[in-house]
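Shown next are two forms of a single protein chain, provided one at a time as C-alpha cells under the names structure 1 and structure 2.
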Structure 1
C-alpha cells in the first residue's frame, strides 16, 4: 500500500474517505454533479428505480395491513430506499453474509429474499421460515445469508465481527456486511464490535443507515461527534460519508468500500446520510409530531430518492411515464395482496412447535412442559 486508506482517495474510483460533505453523484434536482460511471445506463437506472419503487409500495401496503389489524408491528423504511437498494449491490447474495437490523426489509427484498417469506414473517403465518417466533419485521433468510435480527439495538455488531473473523479463519473470499441506525452507534456493543473488527482486521463492512432520528433523539442529541463516519478513524478503518438518497453514490461508495474489505485490508465504515419520512414504527405514529417539525419532514420529502432517479431519467431523456409508473405501483400492490392471501392460507404455526428449536434436542423439562400444554389444549378442545 503506497497510499494511506485513512486519508487519500481510493485509486480505482477516486473515492475519498473522511470527506466533510457527503459524496454525491446526482443532485436533488436529478442533475449529475459529477460524471456518472458508464455502468449507469438508462436501462440500469430503470431497473434500480423499479426495485426502489417496489420497496416503497411494499411499505405502503404493509402499513395498510397494519391498519386492518392483520399484523401488529411495522417499521417502515420509506425514504431510505437508495441506501438499502444501493447497499445490496455491494453484497453477493448467498455468498457474503449480512447481519442486518430491523429496518432492513428493503435490503432483504433487494437481496432477493422472496416477498412471500417477508410477508409470512410479518404475519407470523405457518409459512414463516422463522416459525412465528419473532415479532413482525425480524426476518432471517438462510439462503441469502441474511442472519436473524434481534431487537436489541447494536447487538448484531459484535457477532458480525465474529462472522467476519470466521471467514478470515476459513480462508473464504466472503465478507460480512453489518447494518445499523445512527442511534446504534451510541451503544457499547457498537464500539466493542467496531474496535474488535479493527484489531482483528476482520473483513466486515459496517454501514450506518443514518436516518437522523433514533425515535425522538436526533443526531445532535445522540452524539457530540460531527458525524458518524469519522469515528471509524478511532478504530483504524476508513470511513466514508455518502448521500444516502443518491443511489449512484451509495452504489459507488459501497462497492469501493466492499472491495477494500474483500481485498483483505480489514473493515470499513460507510455512513449513508438519509431520512426516514414515516414514523419510527406504528407504535409511535403520533409521538413523531412531538419531535420533528413539519418543515423538516417536508424538506426531506423534497429529497426523495425514488423521485431523484425519476428526475435523472427524465434529464437523460428516458422518462418514466405516469401511466407506466401507475402500472408499476398497482403491480406491486397486487403482488402484496396475493402473497398476503397465500401466506394467510397457510394458517398459524401449531402450538406444538413452541418447544422446538430451543435446543438441538428436546430436553426432559421441555418434554414435560409440552405434555402439560398438550393436556390443557386437548382438554379445552373436548
Structure 2
C-alpha cells in the first residue's frame, strides 16, 4: 500500500509540500517574513535560544577536549542548531523513536539526554552508558529512545523503517524519526529504506539535515536533483523544504509533518537547508580549507541561527543584552567542566565488561578466555 503525495496537511497552517523555496518565518535579518504563530512569545523564544546557545558552547568545549587529547573523535554541529533543536521540539521526546546520524548531539541535548551521559561516552569513562564499547561521539540514550549512532552512512535508514513498520503493526501512536545528511541520499541503504517506508505506509519522519557538504563533496556532486526533498515523490510521500537556520520554520514544518505521520498517513520527508560552519570532523580539520572557500563559510556565518533568534528578540523588544549572553556562555562552560571532572573521576571501564551483556550463560570458550585474562591481571599485580 502506498500513500499519495500530500496536498494540504493542515490547511490552517498554510504549510505545503514541494515548495520551490525553503519555508521561512524569520528572515536572516531577524525580521518576520510572515506572521509568527502565537506560541512564539518572547519567553518561548528565549527558552529556545538558551537551548541553542548551550549546544553551541558544548560544541566549542568538546573541541577543546579533543585538542587536549582527552578524546579522539568529534563531529561539530555548530551552525545547525535551529535544525536539531527545532526537530527535538517537533516530536514527543521519550515516546517517539529516533534513529540519528553522527552529528546529532545537539538533537540529543534538546531531547533531554543528560550532558553527563554524552561527555561520559565521548571520554569512554566508566560512567558511559555504552560502557566504552562505541567509538567516541557515538552515543545512545535508552530513556529518550535515541538509538546508537553509527559512522556508516545511511545504515540507520532501513532499520528506522523497520521500527516504524513495527509501530504500525503494534498499533501504537509512536512515530520513528530518522535523520541523515545530504551525503546519505547517495547511498543504496537510503533508497531501500525510503522505498520500503513508502510502500508499507510506515509512520516514519525522515529528516535531511542538508548542511551541503558530505566531507569534501558538495550538494551538486551528490545529486542532479534541484534539491533533496523532491526525491520524496519517487517514494509516494510528501517532501517539505524548510530554512534549517530558522527555528520557527523548522518547528512549524516539523510538527506539521510529524503529526501527519502520526495520524496514519504514511511517511514524510523534511529537508532542512543549513550549513556546518566547522570541519566535517577532526579528521579533516586541516583539509577543510582546501575544498570550500573562506567566502562561502563567512556567508553562512552571517546566517547564524543563534544570532537570528537574538535579532528577532531585539525586534520584538526583548533583547538579550551582551552581559546576559556572556553569563549564559560562562554557565555552559562551567557545566561542561564540572561534568568532565565528574565523568573522569569514575575511571575507565573494567576489562570484565567485554564478557557481559551478550550471553545469559557464558559459553565455555569465553569462560576460558576470561579465566586466562584474570590470571594475567593477577600476575601483573604480583
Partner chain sequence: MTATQESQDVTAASGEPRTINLITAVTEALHEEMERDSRVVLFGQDVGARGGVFMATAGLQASFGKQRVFDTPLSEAAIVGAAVGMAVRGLRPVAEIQFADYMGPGFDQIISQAAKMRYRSGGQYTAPLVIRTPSGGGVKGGHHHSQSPESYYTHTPGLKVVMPSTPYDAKGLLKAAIRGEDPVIFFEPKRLYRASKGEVPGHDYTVKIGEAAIRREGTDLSLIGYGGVMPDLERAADALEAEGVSVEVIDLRSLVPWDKALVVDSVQKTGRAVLVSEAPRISNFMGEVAYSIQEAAFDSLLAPVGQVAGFDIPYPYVQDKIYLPGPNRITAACVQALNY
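None of the values given here were measured: they were computed from a predicted structure. Positions refer to the first chain, counted from 1. The term rigid core refers to the most C-alpha atoms you can superpose between the two forms while keeping them within 1.5 Å.
Trainee: Do you reckon the form predicted alone is 1 or 2?
Mentor: Pick structure 2 here.
Trainee: 2 Å or more on the CA of residue 367 between structure 1 and structure 2, with the rigid core superposed, yes or no?
Mentor: Residue 367: C-alpha displaced by 2 Å or more between structure 1 and structure 2.
Trainee: Cα of residue 356 displaced 2 Å or more between structure 1 and structure 2, core superposed?
Mentor: Yes: residue 356 shifts by at least 2 Å between structure 1 and structure 2.
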